[in-house]
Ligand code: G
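Quick setup: one chain, the form predicted on its own, written in structure tokens, and binding and motion questions come after.
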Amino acid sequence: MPRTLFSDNYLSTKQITSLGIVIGLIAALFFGGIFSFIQYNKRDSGYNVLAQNMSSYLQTFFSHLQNTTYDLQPLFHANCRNGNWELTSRAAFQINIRTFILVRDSIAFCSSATGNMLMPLKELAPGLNDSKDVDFVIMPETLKMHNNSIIGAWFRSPGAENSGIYATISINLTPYLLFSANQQNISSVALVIGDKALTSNNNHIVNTDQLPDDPVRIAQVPGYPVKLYIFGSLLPAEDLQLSALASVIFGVLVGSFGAYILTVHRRLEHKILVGIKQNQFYLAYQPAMNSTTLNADGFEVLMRWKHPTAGLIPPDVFINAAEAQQLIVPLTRHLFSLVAQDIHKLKTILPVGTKLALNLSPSHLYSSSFKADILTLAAALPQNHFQIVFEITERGMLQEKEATDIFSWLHQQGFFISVDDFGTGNSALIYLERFTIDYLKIDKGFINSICVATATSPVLDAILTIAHRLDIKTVAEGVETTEQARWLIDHGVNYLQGYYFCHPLPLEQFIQWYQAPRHYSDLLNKV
């Protein structure tokens, strides 16, 4: 191994501390901005919900009231003495209703409160338009209840002119504030009809031009000439203070964690090398099912690390660390040696032509020892028994000329090439034009879009169409549901891989799985 792999390029404690402070400051600024944005949108969304709920409540109330007036229509054909009892009982059992008054030809002739009466409606409720089907007006008082603001509601009788039912409604906006108590910084709520308003600050009528400027929400009550104005703040001072405090705490935590990671990271090189030397790494196998027969025609070989004290280390962690520490080449060589150890036992159970997929890092692809490492692997494999497929991520093809030469050489040696996580890079389609590719391995993110209306769904369709036209076999990874498997089979994907069929298994468990009977009758019937 080159000496550079063992060179001590560790950061000093002072450097790590300085970097931790810088990371903390950046994190604090970033988090402060994000936190403020979230608070703003949370409060904005809360106002939307509040306005919708309040508007819905009033709509329901007025709708029930209007339905009640329809039920009272037969009283127009009776005299006030005979119909007054039902008029009174209806008013008594309607929440917030003061009176129901029958109006014929713009003259109020029967009241649930006073009985017989004769009074022009325009005197009883100035500003109310009885030619409309529905009209509301805010008034300062009634004949019986002085100094109490109310709403006068007019509901015209169907097919009649200037005749209908007039109702007086007592409105107290204090419950709305109780309803919105979970919304901080709601200063007031106003119920607006025309150019008049009732506010939660007091129960007196004010003109709309006396209301505060810029309400945070204006909600129209559907079907009725009533609006709700909600006043408050979208980003109050306490939110800014909370954001500042949270950003400081987050910055300290992130800065400390960053310094800790840097400290641990400088020791990870040694741990990986020790893990290789002490055989802490092992292989796991995950099948790729032929979509036509649903037989396991291929397998992906995956490396796992079981640390003696830390337990199982996630592959993303140690692989990314190995690449960052320039250890991916010795780690891949160790993968090849583990394959050589398992291959003869695999030969006894797997038929000729079985595909074995191995991952190659771009760092290894362009290293000076790459061809020698591949030939060493080839020498350890049984001749003409397995088809070896090297899975290479799109970023491994950025050096076009070198990649073209390497791919050509791999094909000459009898190996196959698969583009791993296809579609997640920046220039995926260019690779199909410039390189000879045998397989496309579709990223799990696209599989998750199946049966779900997402922005990635059309992309998956396009990938499959292009692959079919170029006669490139496709492999879908991350298949987890029957619906996904059926969709992929119906759309001509060649191989399916994922937890739906089998998790990655160590060698002995994999052999047991392979030799056990498997049934996918539902999928086969669908095919």
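Counting begins at 1, following the sequence as shown. Remember, predicted model here, so these are calculated numbers, not experimental data.
If you look for the form predicted together with the named molecule, you will not find it shown, but the lines that follow are about it.
Given the named molecule in the predicted bound form, answer whether the residues Met289, Asp438 and Trp487 all have a heavy atom inside 4.5 Å of it.
-> Not a single residue of the candidate spot has a heavy atom within 4.5 Å of the named molecule in the predicted bound form.
Scan Pro236, Pro315, Pro225, Pro120 and let me know which has any heavy atom within 4.5 Å of the named molecule in the predicted bound form.
-> None of the other options qualify; the answer is Pro315.
Tell me, out of Ser418, Asn359, Asn84, Ser200, which residue has a non-hydrogen atom within 4.5 angstroms of the named molecule in the predicted bound form.
-> Looking at the other structure, the residue within range turns out to be Asn359.
Is Tyr70 a contact residue for the named molecule in the predicted bound form, using a 4.5 Å heavy atom cut-off?
-> Taking the distances in the predicted bound form, the answer for Tyr70 is no, it never comes within 4.5 Å of the named molecule.
Does Glu300 make contact with the named molecule in the predicted bound form, using a 4.5 Å heavy atom cut-off?
-> Contact with the named molecule, yes.
The named molecule contact at Val479 in the predicted bound form, heavy atom, 4.5 Å = Yes, contact at 4.5 Å.
Distance check, Leu327 to the named molecule in the predicted bound form, heavy atom within 4.5 Å | No, Leu327 stays farther than 4.5 Å from the named molecule in the predicted bound form.
For the chain shown here without its partner, which stretch in 438-446, 96-104, 347-355, 382-390 has non-hydrogen atoms within 4.5 angstroms of the named molecule in the predicted bound form?
-> Residues of 438-446 come within 4.5 Å of the partner.
If you look in the predicted bound form, which residues in 490-510 sit within 4.5 Å of the named molecule (heavy atoms)?
-> Contacting residues: Gly498, Tyr499, Pro504.
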